[in-house]
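Single chain ahead, by itself, as structure tokens, in the form predicted alone.
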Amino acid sequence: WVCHTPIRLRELIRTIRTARTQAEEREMIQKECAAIRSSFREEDNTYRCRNVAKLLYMHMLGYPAHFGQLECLKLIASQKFTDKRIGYLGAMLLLDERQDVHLLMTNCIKNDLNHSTQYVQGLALCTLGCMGSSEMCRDLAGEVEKLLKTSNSYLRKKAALCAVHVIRKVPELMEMFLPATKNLLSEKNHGVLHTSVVLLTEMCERSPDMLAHFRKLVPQLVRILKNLIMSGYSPEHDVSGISDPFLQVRILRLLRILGKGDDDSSEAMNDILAQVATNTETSKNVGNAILYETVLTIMDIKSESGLRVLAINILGRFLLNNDKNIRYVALTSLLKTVQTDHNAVQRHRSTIVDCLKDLDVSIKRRAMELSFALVNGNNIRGMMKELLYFLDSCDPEFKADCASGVFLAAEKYAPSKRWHIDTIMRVLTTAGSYVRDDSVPNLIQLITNSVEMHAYTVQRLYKALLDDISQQPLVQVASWCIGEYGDLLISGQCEEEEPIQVTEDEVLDVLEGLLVSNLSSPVTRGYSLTAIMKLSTRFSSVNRIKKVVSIYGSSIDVELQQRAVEYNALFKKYDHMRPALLERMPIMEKTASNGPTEIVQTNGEAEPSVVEPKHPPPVGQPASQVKNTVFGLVSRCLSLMAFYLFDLSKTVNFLSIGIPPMTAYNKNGLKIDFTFERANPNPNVAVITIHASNSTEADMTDFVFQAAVPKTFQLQLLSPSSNVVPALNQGTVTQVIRVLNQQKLRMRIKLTYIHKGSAVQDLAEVNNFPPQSWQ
């Protein structure tokens, strides 16, 4: 290997390619590098160029070549063109602005920019435009600007690209190149035109002032583009039958920037864009590239509506192209324009839906996103049919997004409640395991609010449970519904379809099966146990339910065990409260707060807002989701109940301290009495229990008690024991209010109810609270 004359580059390449292993190649490279190093140390000028060339090849293979940096500078300083060429190439590859060595080149580049040979000048321009630092750009910008004005086309195109680099590095030098840009677009040479358009684009993107200044060039750019389209065959510029597509694309991009947000410029380019869109050949990729840029320009500027429709039709044609990249580009572009030109995109709906069957996953994803964007009230049934078919057959990675999209579209555009519920059932049964966590509470809310569909829904869900218990979200929603509406399932009240005959024991068998199934997650078991508990007020099999609940009091699952213990305590010590606590959930508002522990209202003094009564959360929501949803688990409800009522940990007791009761309201036969207690250990919390009685001959139904306090207080209103106040004082409705106060209490109450078929609403001030309630 070590000989007086170093081997040539071609010979080195051939030798390296004969290496059979990586280790053998590495050994060859190391030997050659050692020879090159010794040659550099000997200051061998004869073979320096050859050695640097070999070093650059090794650098391209990934081997270290930094020790050749200074040799590159020596070659640049040489007078021979061949040396300069390799020296500048080495500088571009081995140097960058992070190394101070590059600053040593500044003087050489300056001299070469003023060289008598255009090719040497071209090398200097290329190097400066490739790796010039901001310091070099500042020092040499004057020379670049001078070359930009020269009549030599070869130098002008290189100077224009070098100026782009200078502007990127030192934006404040932009003004320097402004005079030189005046005549650039009048050049006939396509290379100069191309680089000039790149320079103008860079200046317009970086400066609003430049953008406004260059808008006057729109007619000139339009003329150049028109000449390109209308010109005949030119072998020098022809690519697949199209005249200089690279220049056309660059001009279209510049027109897009100049026309954006400007009516006059947009108007000036409307005709030429229509001409490009209609005259460009689409059989080759070259034509498609120009059409794509045309479409982007039409969409970005203030174009005419007809032109926008033409652009969308071009994208529609792209969808039929055999090239996957073109189809992907079309779908992505349509997705961006669907909001502004919805009707035009709708015309291509069938083609877009066909793309859901494409084998390419990227195209399928874009087609799915675009399909959901096209869904509206008119096409919801047809689009959902296609998307549900896609959900059945798509890859697992699409199922979660597709299921969520179906849920959102169905919620927004559902033609009927039954259709909505059927659609959701279809998703749960086909892709239930992929449904996102937030879907379960949202579906429960939908079902709760669809009062007339309760019997139908619970029957459908019960049938689905019998078929498949592997889809956990389906099982959770079904368990919740059976717990809420199990009585409707047993009674066979379903009108929408033929009712099924089910016994209480069969329903309990299914729920108990979920508790012991290996397919059930801990969350699902929580739903099932809670559903069984709720059925204790709907079914007569209370002893069986008690037995199941007591068994799980010793479960190894802490969450399940806590529920079972609390439910057990409910059976034993507070059985009289069980019907009220486990009554059917009211209709839920989406804006409701996250459960009873967060119902703390601070009301303004001047305009005290009325605090709506807060109901306990629906029983059956997993604890992991409580924080994020309106549906709190019953464990939160019962934990709160334990906090107030159960003597489980001796942490809280209610101690009556002899506060006298008071009558807050007595009108039209409705009487509201307040009784008071103090919570221990926090004596600042007053616990007020309201007792509503009715002395008239008819029940007061839909009874709602609301309260507001000044903003210096905090008020918590728990749910009432009932919403019917019985006639003739045969019973009372109770409701607990907790007030945090340290001063005299004042309250405004609002009462609404229906009496003898008429709605009644009344407001009252309560200011005569006994001093013991707030002192």
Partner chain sequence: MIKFVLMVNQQGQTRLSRYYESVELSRRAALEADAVRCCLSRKKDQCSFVEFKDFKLVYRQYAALIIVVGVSDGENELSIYELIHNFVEVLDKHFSRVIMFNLDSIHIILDEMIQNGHIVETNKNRILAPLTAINKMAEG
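No experiment lies behind these values; they were computed from the predicted model shown. Numbering follows the first chain given and starts at 1. Rigid core: the largest C-alpha set superposing within 1.5 Å between the two forms.
Beyond the structure shown, there is the form predicted in complex with its partner chain, which is absent from this document and is the topic of what follows.
Three-residue candidate spot Phe676, Leu715 and Thr732; no residue lies within 4.5 angstroms of its partner chain in the predicted complex by any non-hydrogen atom. None of 542 to 550, 700 to 708, 186 to 194, 451 to 459 except one has non-hydrogen atoms within 4.5 angstroms of its partner chain in the predicted complex; the exception is 186 to 194. Looking at Leu125, you'd find a heavy atom of it within 4.5 angstroms of its partner chain in the predicted complex. Residue contact with its partner chain in the predicted complex: Arg748 places no heavy atom within 4.5 Å of it. Within 4.5 Å of any heavy atom of its partner chain in the predicted complex lies no heavy atom of Asp575. In the predicted complex, at least one heavy atom of Ile13 sits within 4.5 Å of its partner chain. Only one of Tyr389, Phe571, Tyr665, Tyr154 lies close to its partner chain in the predicted complex, with a heavy atom inside 4.5 Å, and it is Tyr154. For the options Arg418, Arg317, Arg436, His237, the residue carrying a heavy atom within 4.5 angstroms of its partner chain in the predicted complex is His237. In the predicted complex, the residues of 310 to 337 lying within 4.5 Å of its partner chain by at least one heavy atom are, in order, Lys324, Asn325, Ile326, Tyr328, Val329.
Here Leu529 does not count as shifted, since its C-alpha moves by less than 2 Å between the shown form and the other one after the core is aligned. Thr117: CA moves 2 Å or more between the shown form and the other one after rigid-core fitting.
With the core held fixed, the Cα of Asp422 is displaced between the shown form and the other one by less than 2 Å.
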